[in-house]
Ligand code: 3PG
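Consider the single chain below, provided in structure tokens and representing the form predicted alone.
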Amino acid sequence: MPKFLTLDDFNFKDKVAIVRVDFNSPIDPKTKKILDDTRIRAHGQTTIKELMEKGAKVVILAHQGRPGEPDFTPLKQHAEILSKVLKKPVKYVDDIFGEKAQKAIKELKSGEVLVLENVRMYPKERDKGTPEEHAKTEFIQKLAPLADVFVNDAFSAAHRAHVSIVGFTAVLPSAAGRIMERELKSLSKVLENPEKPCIFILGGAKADDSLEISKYVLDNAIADDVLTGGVVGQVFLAAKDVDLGEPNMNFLKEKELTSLIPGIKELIKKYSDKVKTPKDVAVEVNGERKEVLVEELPTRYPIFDIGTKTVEKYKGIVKDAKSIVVSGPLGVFEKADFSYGTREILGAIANSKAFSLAGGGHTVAALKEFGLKDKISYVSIAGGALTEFLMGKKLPGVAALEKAAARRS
């Protein structure tokens, strides 16, 4: 478990707290309206609310999209949504660290919240660097003197060594917010000393990430079994020299997928009893679901789900597990006929007594779709940061908090 300070370690009464959150949300490309306020709600109901109640003057930093992308927008509507979440007025200025922003910070009263402009409108925000290097930027130099403490609550952006993520930690007392704290505690629970048996269920389309996660959790004896499905399951089957048939093999011949096959072959050879692949799959024939055993492949129809035999096999493993990590759906759950595999496996996890952790945008969407989100022990709101943490990588945002804590002790 990383060693960092939390909100419990500071007195926030009348103090200016710069809080880096992750408000990055899906945006309708036409209307530019936010489609899902999950992240804004999560930060608002925990860290921001607590800081307000403790009498802090709360200054919010966040990003939305990337320059040049359709979802790159100002944070005005984010502030409006936050105001509804908090049921209190939230101030907003279209400035990051200029005179308008500085004036607004100086005028803040205890318990008030101010949202500054999208930090990615600062051209150097996405430059990679150390906390000490970023601390020399105009961004940090202008805002840090106005603040008493920095709170990083953006776990889902902690894999970025960006200015607003690590820069303040070099010059201000720094703490993890409640979202950051919960994410790290939950992840540490399944990575450092998980209750056994521990299983990882990897689906979705990111076979490269799944390979890296599988290698890490198996090489370090974290997972007892890795269960695959979705495109990941298909790539793993292809690595076992299973001919999936057209059009599935055409898709798997894409350069980035083909390059993974040698690594997956090596993994399966090393952990043949621990890496589980589908026993059967579901294909779409004339608009209907049909199940095919793996030994009956190839098929000339597209594979959209795992089959009944695979579901029963996986559910048996889930039933005996004490720790479960699931990332990615097991099929195209958005299609009613092919939601079976994902729904059944997520349902088994939800009804299990094991500690369960779910992450990834499509996984969370599936949990919501099936009404199972509240039955999972911990649902991560992170994407890339979660994946990198599960690979055993050190996240710059977390490392910066650890370094700041060490300096203070």
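Quick note: we count residues from 1 along the sequence shown, nothing fancier. Quantities reported herein were computed from a predicted structural model and do not represent experimental measurements.
There is another form of the same protein, the form predicted together with ligand 3PG; it is not shown, and what comes next is about it.
Contact with ligand 3PG in the predicted bound form holds for all three of Arg66, Arg120 and Ser156, each having a heavy atom within 4.5 Å. With ligand 3PG omitted here, the record of contacts in the predicted bound form names 157-165 of 274-282, 313-321, 133-141, 157-165, defined by a heavy atom within 4.5 Å. Residue contact with ligand 3PG in the predicted bound form: Arg39 places a heavy atom within 4.5 Å of it. The closest heavy atom approach of Gly361 to ligand 3PG in the predicted bound form falls outside 4.5 Å. In the predicted bound form, ligand 3PG lies within 4.5 Å of some heavy atom of Asn24. Contact check for Gly347: every heavy atom lies farther than 4.5 Å from ligand 3PG in the predicted bound form.
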